[in-house]
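One chain comes next, on its own, written out as structure tokens in the form predicted alone.
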């Protein structure tokens, strides 16, 4: 990863109300005070859509960055009840958007829909966090690499600007379970993901993050894996102290 920048991206999922900004204020205060290391990492938080505009405004000139958790597969405006397009997300000053999370894939997102989401988000100058991951059966039957390569090749196109794409590897069997991959397995998996990405993009390959039961207690296990460019953090990102401890413990 260029400049060795690490990403700490918090996915709040279905959590948060206006007063939850207190959590971000504390995280932002920590990052500002972390003068020795804060140039080595970026903090992105993706609250629910109801909070994106107010949070993006509050932190527009601060250390943390606000993104969105998902977008619709069609852009601009349309007669799609409850849908929020990449254009609408960008219009409230979000800078990132998560696409392809296993939650959304389970709810019906197809590769074609995901490709449209990625393309439309990039068109609107949003940076895309594209999620991939295998389930328990895939892992058990040694299909992890095949599944991940298919997810990457079916959605990412060489015409896309790889500088605006981040790939987040989130094994489905790990999310919310407390189980994490063995370091050697994770190292080989991320290496393989980067190999596929280099075949898709002739120039710069996107950063690759790990997500899945990341917390302040196990983050140290990942610090020696140089292939990993950061983390997509779920439950632990809803607590300012847990999120801050993840950053602190990573750099111990």
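Note that the structure is predicted; figures quoted are calculated from it, not measured. Residue numbers count along the first chain shown, from 1.
Quick note: we don't show the form predicted in complex with a small molecule, though the next part is all about it.
Would you mind picking out the stretch of 219-227, 206-214, 36-44, 58-66 that comes within 4.5 angstroms of the small molecule in the model of the complex, counting non-hydrogen atoms?
That would be 206-214.
Does residue 235 reach the small molecule in the model of the complex if we count a contact as any heavy atom within 4.5 Å?
Answer yes; at least one heavy atom of residue 235 falls within 4.5 Å of the small molecule in the model of the complex.
Residue 101 within 4.5 Å of the small molecule in the model of the complex, heavy atoms:
Close contact exists here: in the model of the complex, residue 101 approaches the small molecule to within 4.5 Å, heavy atoms only.
Please run the contact check for residue 174 against the small molecule in the model of the complex: heavy atoms, 4.5 angstroms, yes or no?
Yes, residue 174 is a contact residue.
For residue 170, is any heavy atom within 4.5 Å of the small molecule in the model of the complex, or not?
Output for residue 170 is yes: heavy atoms within 4.5 Å of the small molecule.
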